[in-house]
Structure formats: structure tokens, C-alpha cells
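Taking the form predicted on its own, here's one chain by itself in C-alpha cells.
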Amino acid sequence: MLPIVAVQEKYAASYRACLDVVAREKRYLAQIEALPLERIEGFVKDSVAADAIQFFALNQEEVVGWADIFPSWPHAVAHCGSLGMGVHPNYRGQGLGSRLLSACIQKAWAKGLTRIVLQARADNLHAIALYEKFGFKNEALKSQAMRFDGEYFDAVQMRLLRDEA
């Protein structure tokens, strides 16, 4: 079983590589390529310093999946966090998404969050099924929420409330 570990600076380059592969699929993430390595290194360094809700799935020392929940910063919505995650295509269907999501949710509740939100493409049925398995509820359908190569896609907005989990 591949390990799930908290974010660490030594994995920044590998995280970037995995993120880039998933982004270039133009299906699962809003971005279409990873940011430059220097930006990712800074992001990961900040995540470590903040004890961020961020986890990596590893094969040896290679990041093959990630999940994170970043809290909102304004006071009135500081109890809310936004989920993002991805798994390298060669490692899908092995339960990594469930394990990453579980680790994030547990840490989010421990850090005092009470609402987790996400947005997924409406045709990403595998992801939506995973989120529903964890108790996420559909809050809205956002028409033409994403656009890749001139083609629009709807997205679902989902939420998980701590007192419903």
C-alpha cells in the first residue's frame, strides 16, 4: 500500500511534476499546466510552515497524488476550506483518492474547520461519486464554469458540513 504523508519540502519538484501531468489532461483541474518550480517550492514551503491541510501519496519518493484543503482567510468564512486534489493517471483506481481525502477531512476537522467546499466538472463522475461517498452534498450546478480549448463545461459545487459528516 502506497504511503500518504503530510506535505514536505523535499517533495516539491515531484509534486509539481504530478500536478503538471494531471493539469495537462485538461479535464480534472482548472489549470492546464503547473506553475514554475520556483513558485511551487515557495507554495510548498509556506504549506509546511503553516501546517497546511495537505497530503501526498508516494510511490517510493515520487508524488503520485495529492489533496489539500485551504481555509478561507476572511473572518466571516474562516470556518470554510476549499478542497483540491488529483491523482496521476497511472495510479487511479487504487483507493489513493479515498485515503488522501480521508486524511484531509480528519485534519480539517481537527483544525476547527466546519465546512469544506469543492468544485468538480459535472462530467467527472468518478470524482463526484468519491465525494458523495464521503458525505459531500451537491449545492449548485454552475453552467459553463470551465472552458478548455474553447469548449465549455458545467461544474458542480459540493459541500461537506462537519455536523453532517
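The numbering used is simple: start at 1 and walk along the sequence shown. If you're wondering where the values come from, they're calculated on a predicted model, not measured in any experiment.
Note that the form predicted in complex with a small molecule isn't included here; everything after this is about it.
Within 4.5 Å of any heavy atom of the small molecule in the model of the complex lies no heavy atom of residue 79. Residue 126 belongs to the set of residues with a heavy atom inside 4.5 Å of the small molecule in the model of the complex.
When contacts are judged by a 4.5 Å heavy atom cut-off, residue 86 counts as touching the small molecule in the model of the complex.
The closest non-hydrogen atom of residue 56 lies beyond 4.5 Å of the small molecule in the model of the complex. Listed residues 98, 114, 31, 138 were compared with the small molecule in the model of the complex; 98 is the one with a heavy atom within 4.5 Å. With respect to the small molecule in the model of the complex, the three residues 8, 11 and 50 uniformly fall beyond 4.5 angstroms at the level of their nearest heavy atom.
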